[in-house]
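One chain comes next, on its own, written out as structure tokens in the form predicted alone.
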Amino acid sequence: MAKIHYNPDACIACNTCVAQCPVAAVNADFPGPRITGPASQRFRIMGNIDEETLHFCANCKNCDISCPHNVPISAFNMIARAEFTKKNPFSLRDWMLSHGALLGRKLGLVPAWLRNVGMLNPLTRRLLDMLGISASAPLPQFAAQTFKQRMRTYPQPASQRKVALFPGCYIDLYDPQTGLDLVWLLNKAGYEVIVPNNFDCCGLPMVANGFMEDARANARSNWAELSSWCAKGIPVLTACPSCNLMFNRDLAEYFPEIATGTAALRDAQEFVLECVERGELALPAPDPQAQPMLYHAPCHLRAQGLGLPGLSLLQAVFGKAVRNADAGCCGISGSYGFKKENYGIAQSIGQPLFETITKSGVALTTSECGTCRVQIMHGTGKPCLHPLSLVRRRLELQH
């Protein structure tokens, strides 16, 4: 995996990144990614700047997607944010939002219903609002059992063909059904699914909140685990685009001394499409009576240059009933939209998407990203499911 050298002078100040930045479009206080990124980096190198407006950056990667010279703009911002966090007291709020997996393990003995009552009742929401987590933000609810817990008793046919699955924090803690839907599809394609115990949070929430050294510790153990499975010839999949981005691009940018070799996490939707192409998984002909639905492409998926495998998979099953919303960023960007000072910004960013969905008249939406789905449901009132869950539903109806 190539190491990226941070050279701010590769920026030609064309301002394409500013034009494509969803935060700059709705927030006049944010000078834009060019200023907080490569322009300010020249001064940071000399130790002459301490940029407080960095907290406006959502780390959505749209600046990286649009840059014609491949300047790692978001990496400049996140590394600078980490340096700012070192020099300034971090908030309990930011620590909580960036260490969800650790908190989930610590609270594992508390029943999920009690955790949800504790987190979502009006009094607690008021207290969280005082800590800086907006009382209006759509916090997800803990599942009764984590994905890893449910997989311990999930019946799978034995197979010589095996894949490993990195569920990510969202599927594991809040949305295990999506993980089980993926396992069902992989079993149907003839694969036995292994869920390794030694993976931890991918670290992206830590990076986004300035806890770079905590992310480094996770990167070290996660990369060793990923490399061990890849060395055995067993693909490691994830259904979360943010986790895939962190492993396959961000680790090399932030921790090039750790992300060495050829190990790679695989996009689960892309892998399922390959199963179809190899004849391992048969899909039904598109249903001409399928209800219309809109697909939202997460920013962290688009940043990887993989195309839109989730949309391709859906269109193979549902045909023209599925359309790409193509209405920009949803605004939430992981934990960004949960923060009190960012909640209004996140809603403004997502407004074009919400309006597109509402005006379309569809009853159902779909996206690979867990927090995008939370934001879409919050902004539109429409259900939003993972593409893999919809594909499983269609295949089950076939039989």
Partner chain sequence: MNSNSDVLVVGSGPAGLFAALVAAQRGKTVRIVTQGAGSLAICGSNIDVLGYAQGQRIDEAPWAAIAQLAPEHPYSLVGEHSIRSALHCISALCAKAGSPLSHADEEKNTLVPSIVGTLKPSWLCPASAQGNSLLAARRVLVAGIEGFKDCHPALVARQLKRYPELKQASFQTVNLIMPPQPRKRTLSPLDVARFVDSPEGLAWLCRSLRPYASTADVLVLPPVCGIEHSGSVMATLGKEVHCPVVEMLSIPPAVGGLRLRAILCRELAALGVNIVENATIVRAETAGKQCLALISKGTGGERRYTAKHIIIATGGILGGGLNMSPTAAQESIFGIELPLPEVIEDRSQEAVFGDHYFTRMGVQVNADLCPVGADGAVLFNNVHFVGRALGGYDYATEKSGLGVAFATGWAAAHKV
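Numbering follows the first chain given and starts at 1. Computed from a prediction, not measured in an experiment: that's the story for all the values here.
There is another form of this protein, the form predicted in complex with its partner chain, and it is not shown here; the text below is about that form.
- Not one of R126, A143 and H386 is positioned with any heavy atom within 4.5 Å of its partner chain in the predicted complex.
- Distance criterion of 4.5 Å from any heavy atom to its partner chain in the predicted complex singles out A264 from the list L180, V193, L97, A264.
- None of G118, P256, G307, P292 but one reaches within 4.5 angstroms of its partner chain in the predicted complex through a heavy atom, and that residue is G307.
- The stretch in contact with its partner chain in the predicted complex, judged by heavy atoms within 4.5 Å, is 265-273, chosen from 143-151, 171-179, 265-273, 280-288.
- Proximity of N248 to its partner chain in the predicted complex: non-hydrogen atoms within 4.5 Å are present.
- Though the partner is left out of this view, M377 does not reach within 4.5 Å of its partner chain in the predicted complex, counting heavy atoms only.
- Although the partner is absent here, G361 lies well away from its partner chain in the predicted complex, with no heavy atom inside 4.5 Å.
- In the predicted complex, its partner chain lies farther than 4.5 Å from every heavy atom of L390.
- With contact defined as any non-hydrogen atom lying within 4.5 angstroms of its partner chain in the predicted complex, N70 is the only contacting residue in 70-92.
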